[in-house]
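Okay, here we've got a single chain as structure tokens, the form predicted alone, with questions on binding and movement later.
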Amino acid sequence: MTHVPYERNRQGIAVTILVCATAFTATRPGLADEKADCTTCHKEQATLLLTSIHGTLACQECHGGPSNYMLGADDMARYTRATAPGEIRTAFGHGDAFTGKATRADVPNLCGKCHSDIERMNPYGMRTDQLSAYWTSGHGKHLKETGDDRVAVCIDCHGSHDIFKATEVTSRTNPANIPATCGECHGNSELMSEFDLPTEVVDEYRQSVHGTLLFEQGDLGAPTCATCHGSHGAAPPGFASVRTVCGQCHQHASQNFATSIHASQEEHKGCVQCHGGGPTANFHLIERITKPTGVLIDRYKHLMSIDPEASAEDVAHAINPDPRRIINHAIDSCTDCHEDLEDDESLPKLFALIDSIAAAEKKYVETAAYLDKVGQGVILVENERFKFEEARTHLIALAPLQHTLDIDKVSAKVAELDKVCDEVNTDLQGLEADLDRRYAALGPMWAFCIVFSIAIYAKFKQLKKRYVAPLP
């Protein structure tokens, strides 16, 4: 047990006692002035604050004013009693030092008063550049330039009195909650229409490979809105920088794309050109082309169980149909530069590259199935399994390598994969042939044993007849 929960619990008890005592004494006429503080009237906010990460802060840190007030019993009763429907409560004078509830436009500077203070934040190991980053964001720039406070400010993402650490499941900034937090505004069609921004992006994200990892598999390391756009410095990555953003995780793919012809073209949309869900999407429906090798093998085995004579095209479609499907999605956007797709030689080259990888996948799963079949018998195939891991390495390497759009490089890697598969197949065939020879050699051996056994038995009968007298 840590001291923080205990301290919060102790403070919560103190608030409860104070509220009860206030309510009790307020009903006793003739009492002298009593102390009242923020918790006397603002019970809900006080409770939220005590359970938040700011639980040790006093209300005056943000709202100003004195720490307590001296009220007579009649005043105490008037300010604390429940109001009737439609009744307007008498305004309470908080004093000249009271700043009240900050306006939305003032919230960033109010929070930044502490969070930009290096001396104050240093004990907590917290960054102090959040406010500076905010003013560089799309939200901060619009607020500073226009004064339009409908943009996101600190309390929209973090809350006001109920601010929690991002590691807590109730926090608005917990990875699992970030899409919903951003969606409060970016899913609001009325608000987004005024900024000419799409509202489908959050739903697209939920259907994307990243959203599937986060929501269906519970992977909190999956990219969220903040991963790609930033948090306090949130801004839409320009198409020129998309590769850099994606490259934070997909380093090999990014490095290979950097060598492709598209990397130097400003009008190319980078990774999202192919992976963004097609021209009807808004670049958040990120689709995955490659599949884990185990998935490819399982799909192939299933296909063989229902159609052992499946063609190469059927195999490619069954084990991994996504590359061709996703490219077909992207073709419409390719016409921005490749105006005549029928005469442009780029498209046939692209599909040749895809077909080359599909053939490599087919070779891989066929060899994997053969290895598994042989290994289920009496033959030991540990050496072949170890060698086959090299083919898996080559297949995985093809995923980022295809971003070069260099058919020669891809073909060279496919040739390396094919070579390993051929060697494994040859080894397995040799092991099976050796086993067949052993089985074949067993025939004469069994025949000899049988003949020898018959001869021994005949000799035994002969000797028994000659030397063993029958019983009287």
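Numbers follow the displayed sequence, beginning with 1. None of the values given here were measured: they were computed from a predicted structure.
Note that the form predicted in complex with heme C (HEC) isn't included here; everything after this is about it.
Contact annotation for the candidate site: Asp156, Cys182 and Leu405 all lie close to heme C (HEC) in the predicted bound form (heavy atom within 4.5 Å). Contact annotation for Glu61: at least one heavy atom lies within 4.5 Å of heme C (HEC) in the predicted bound form. By the criterion of a heavy atom within 4.5 Å, Leu428 is excluded from the residues contacting heme C (HEC) in the predicted bound form. Heavy atoms of Ile53 reach within 4.5 Å of heme C (HEC) in the predicted bound form, making it an interface residue.
Proximity of Lys409 to heme C (HEC) in the predicted bound form falls outside the 4.5 Å heavy atom cutoff. Note on the partner interface in the predicted bound form: the residue among Cys114, Ile297, Ala359, Leu303 having a heavy atom within 4.5 angstroms of heme C (HEC) is Cys114. Proximity to heme C (HEC) in the predicted bound form, defined as a heavy atom within 4.5 Å, singles out one entry of Lys144, Lys373, Arg385, Lys165, which is Lys165. From the list 255-263, 386-394, 303-311, 363-371, the contact stretch for heme C (HEC) in the predicted bound form under a 4.5 Å heavy atom rule is 255-263. Heavy atoms closer than or equal to 4.5 Å to heme C (HEC) in the predicted bound form belong, across 416-438, to no residue whatsoever.
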